[in-house]
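Heads up, the chain below is alone and in the form predicted on its own; it's given as structure tokens.
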């Protein structure tokens, strides 16, 4: 869970430190100390909500006395004008937290929305959508959380998350079979070995060497079909390389196990939200 993840806590603290600096000069000058307010976070565009636990953590870091309610559950599709979160407490604290809270929810909602659009094109297919490591540096744990909310499965969280022999590895090692055999002998026994292949000859050599998963990079739909027919389910097959929702739907028809799309993170537009405050009298 995000709220129990120390890495997420560090990310939130760093974001607040970046935004607050030495203090909120405007709020301290304009808003009297002791003022209380109620806040509502409102969607300004349709999309998928993600990031509620991070919003709660932001408020908690600023002022533990703020009451927070997530009105709409994570992963719900919202419309423009929907109230998705409420908070109440010290007005100064709410103003200090506002931008950081919104930035996290806007970014994660955007990633979840982009992912949902991809996942929807694979509905009814055996093909599973995967994310990638093409994430904002320092925010991977949050962006990969958002892709799960949107309907994808996580690929590797880090380089330690699995063996994936890619072209640059092969350029240095030289022999595909040798690289796979080294990987299988030196990696943990339960770790699958995936290898990037670009031709049928490489497909055959990878299977002969004992690869568990083939990564088909920038292959056409017809080439993917040929590989799957040849593999006859001996290995898992992942398709990657500038995958769009339309391309994912087209290639899923030939039956790969996975389609990975970096676009769900690196090209996801932010989802727009706003926070509105009202003074609590008395």
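Keep in mind it's a predicted model, so treat the numbers as computed, not measured. Positions refer to the first chain, counted from 1.
Keep in mind that the form predicted in complex with another copy of the chain is not shown, yet the notes after this line are about it.
Interface residue remark: residue 30 is counted as part of the site for another copy of the chain in the predicted complex, having a heavy atom within 4.5 Å.
When another copy of the chain is considered in the predicted complex, residue 86 lies well away from it, no heavy atom lying within 4.5 Å.
Contact annotation: residue 92 falls within 4.5 Å of another copy of the chain in the predicted complex, judged by heavy atom distances. Proximity of residue 155 to another copy of the chain in the predicted complex falls within the 4.5 Å heavy atom cutoff. Residues within 4.5 angstroms of another copy of the chain in the predicted complex, judged by any non-hydrogen atom, belong to 97-105 and to none of the other stretches in 197-205, 111-119, 97-105, 78-86. Along 138-170, a non-hydrogen atom within 4.5 Å of another copy of the chain in the predicted complex is carried by 138, 139, 140, 141, 148, 153, 154, 155, 156, 157, 158, 159, 160, 161, 162, 163, 164, 165, 168, 169, in order along the sequence.
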